[in-house]
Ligand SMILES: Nc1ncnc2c1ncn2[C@@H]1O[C@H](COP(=O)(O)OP(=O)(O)OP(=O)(O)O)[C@@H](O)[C@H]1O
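So this first bit is one chain, no partners, the form predicted alone, shown in structure tokens.
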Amino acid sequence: MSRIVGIDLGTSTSEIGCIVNGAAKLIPNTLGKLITPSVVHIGQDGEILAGEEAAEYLFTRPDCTFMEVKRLTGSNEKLKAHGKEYAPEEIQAMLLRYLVGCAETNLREKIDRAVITVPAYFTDVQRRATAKAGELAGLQVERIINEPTAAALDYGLSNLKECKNVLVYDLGGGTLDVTVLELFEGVIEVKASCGNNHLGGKDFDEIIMTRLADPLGDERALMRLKKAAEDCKIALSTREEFRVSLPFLLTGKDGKPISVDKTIGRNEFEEWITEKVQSTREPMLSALADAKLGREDLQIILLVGGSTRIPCVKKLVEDTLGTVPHSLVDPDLTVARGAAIQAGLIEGSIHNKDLVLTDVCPYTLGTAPLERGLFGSRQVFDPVIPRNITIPTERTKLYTTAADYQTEVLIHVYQGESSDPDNNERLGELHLTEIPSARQGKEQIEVTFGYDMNGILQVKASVVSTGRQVSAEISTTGVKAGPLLDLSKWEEAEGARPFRPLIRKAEKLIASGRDIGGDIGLLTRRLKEALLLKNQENAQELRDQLMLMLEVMEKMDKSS
């Protein structure tokens, strides 16, 4: 069997490594550098360039040069070059082929197996798209591993005897991950993960860009502005101010050239990004709560990702967790090193290390069966695999037919934390046919969800009485991560004030035990969710339904 490499396929940069003589070693690219820009250029003649050579074309040929493609992972969006369309995973495959080519040259051997990292909060679809990119690059993807888990592996391999609770705060170019782990004498057990797939250093760059100029659709000006913003952000991590100078950036409507010459101070920059940085507090607290730990239970905080070098980010983490973050791993290279270690564990090149790794499912996965209540039938999200359950895992639930003489059923698969399926992300469906014709509730349907170490979902359903079965790898596109909702904070939501009397009235009825069928409790929960999601139209509809139910209950109370 060939050697397995570990690859950190990042939004801004990517790295590749392997195990050499029992230790993780990062492999340099064609320019001798360990860090490769995640940029791909497609030439007129079909020639593919990647890394720094491709990045040179961002300013001269932005129409056929691609960066930050990771943010499009799992989407329907197409990228165009020279009249041809490419899926995001095709572009990522080009970058992967470049990295693997560098490894083959350096190691002087054929490489066709890899471990690839993804954000812990990547969805099932995004994980599949990443695995697909690996396949298109000619790789057998042995494992998809979460980035914070990889960082913990890098740290854990050198600290096998420690017994500590660790929080990994990973803020990279495009994503945020917060993962809580326990190290216990060589065992790395992931307790909980939380995050945001659309928050990272690139968002900070865009904030700087908006304060400097509006490129007005000029692609070359946009690329120059992006580069200047990134340089400014990086410089302000170590300097108090930075001068952005972009002469003749673009031409104005009056035909005159527009230049940018502005000095930005660190305090000014940090004020601009305060809201986004502050938004990372909630994932930290959610991950701790899901792990059933308090701030005082943490012994180590590891900062991962280039964006954690920003001083106000470090300070927020310290203020939120009450502990000074540790610089125990290289924030840029630790994920790739961890991926290489995972590769070594699989291939057996790390055979003398007593290291065990467990991970978790970051989302709740389930179905949406019909439930009958006092006020009729309605769909309710029914979890099959709760979030932050250790993987791999397989869980089964039993359902019954919902109508007389029903001979088929469509099983919808959802991902999310809301009791209302409409507020979650629909992953796909299974169509089970040939159910024996019988009265409602007589035939049982067994639904099984299996979630593997790559974080990929397998679903199967069967008729208990006949054994008739269907199964599928759930596949779709365009799935995004839904927010975690803290229902206790519904009163703080924008526009919640007019709904308070109604919700409090409903809560009193629920507390009294008179909510027969649970309909009022379900509607109350959904209303709180709608307020937190700022979905006023849905909130108005739910308010009307809840008012009607309360009126019916009052009439029932009076008649009794």
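All residue numbers refer to positions in the sequence shown, first residue = 1. All of these numbers come straight from a predicted model, not from anything done at the bench.
Although it is not shown, the form predicted together with this ligand is what the next lines describe.
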item: Residue contact check: Gln545 to this ligand in the model of the complex, 4.5 Å heavy atom; value: no
item: 4.5 Å heavy atom contact, Arg337 to this ligand in the model of the complex; value: no
item: 4.5 angstroms heavy atom contact with this ligand in the model of the complex for Gly306; value: yes
item: Contact test in the model of the complex: Thr175 vs this ligand, heavy atoms, 4.5 Å; value: yes
item: Gln406, Ser237, Ser286, Thr364 - the one with a heavy atom within 4.5 Å of this ligand in the model of the complex; value: Ser237
item: One stretch from 212-220, 225-233, 408-416, 459-467 that, in the model of the complex, holds residues within 4.5 Å of this ligand by heavy atom; value: 225-233
item: Triple contact flag Gly10, Thr13 and Glu147 to this ligand in the model of the complex, non-hydrogen atom at 4.5 angstroms; value: yes
item: Partner contacts in the model of the complex for 68-85 (non-hydrogen atom within 4.5 angstroms of this ligand); value: Lys70
